[in-house]
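Single chain ahead, written as structure tokens, the form predicted alone.
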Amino acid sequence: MKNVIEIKGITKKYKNFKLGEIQAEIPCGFATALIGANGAGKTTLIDILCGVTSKSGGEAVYFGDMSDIDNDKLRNRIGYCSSADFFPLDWTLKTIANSMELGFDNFDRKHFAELCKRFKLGDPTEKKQKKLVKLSDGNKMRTYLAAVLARDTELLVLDEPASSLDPLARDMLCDIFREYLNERDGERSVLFSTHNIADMEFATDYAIYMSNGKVIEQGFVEDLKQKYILVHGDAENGEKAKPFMLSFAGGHTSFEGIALAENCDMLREYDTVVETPTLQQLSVGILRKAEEDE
């Protein structure tokens, strides 16, 4: 399998937080979700990978043979978008188009206008336009996405792109991911971070879980769904099943949690129901287990 990024022992030290050593692979041709609670280190890792923040140690290799993120040729191949104020707040769609055209030779002004129309942002050629400061958080994110998607890139790196979007816009974002990946016959990739995977499940092929600055699990979603199972049953059998489960949540009438698939037969002996978890259920179980272990 070809990787678009290989992360080799990356670390970053702050006064009250340490990232790493991070060992991870971002597979080429797929959408990879970086999943973790707020403060897990997702944004720090993404900022390091995109050259926004310096690292303390380790390295990242891009596209098989490039490791210098400050290389203009490499930066041109990557489309990066932050969830924070990505452009000055007094800019308009037209100002953004002008700056992107100056900054990147692969920015397509016509495609930007098409994306603005699709995202219901207006026409970047009109004389009267709203400044970013006047837009809602959701429309700001749509604007940032339109700008980065209007570039002809090979890798999208997006930090919490769905956090300020409404459900319909999140669904559209999933469609956009698929369109982006399909346009180059497996040569394009997406890396995005999220702390809530529910609305992005169908856009996620590969998952990397982070907790307290570390990678705690990673793999293709379908493989992870074979490795783990969702278990639920009556409360009276909860204490018997609990030792064989990784995460456990129980009430007066029932219990539920995640377990390794290898314990399936043992758990069935306690009249449990075993199912394939959704990515959301899997994520809650894995992250809850990591939190309990810290």
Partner chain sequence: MKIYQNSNEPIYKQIADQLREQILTGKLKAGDSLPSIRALAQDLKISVITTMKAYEELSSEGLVTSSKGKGYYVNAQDEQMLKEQHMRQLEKNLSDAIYSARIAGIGLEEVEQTLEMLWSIDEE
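From a predicted model like this one, the values you see are computed outputs, not experimental measurements. Numbering follows the first chain given and starts at 1.
Just so it is clear, the following notes concern the form predicted together with its partner chain, a form of the same protein that is not shown.
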Can any non-hydrogen atom of Asn237 be found within 4.5 angstroms of its partner chain in the predicted complex? no
Do Lys134 and its partner chain come within 4.5 Å of each other in the predicted complex, heavy atoms counted? no
Taking its partner chain as it sits in the predicted complex, is Gly29 near enough to touch it, meaning that at least one heavy atom pair lies within 4.5 angstroms? yes
May I ask you to state whether Leu181 is within 4.5 Å of its partner chain in the predicted complex, using heavy atom distances? yes
Pick from 210 to 218, 172 to 180, 119 to 127, 191 to 199: which stretch has a heavy atom within 4.5 Å of its partner chain in the predicted complex? 172 to 180
Proximity to its partner chain in the predicted complex, single hit among Ser67, Gln226, Ser254, Asn263 (heavy atom within 4.5 Å): Gln226
Exactly one residue in Asn139, Thr204, Thr92, Thr153 has a non-hydrogen atom within 4.5 Å of its partner chain in the predicted complex; which is it? Thr204
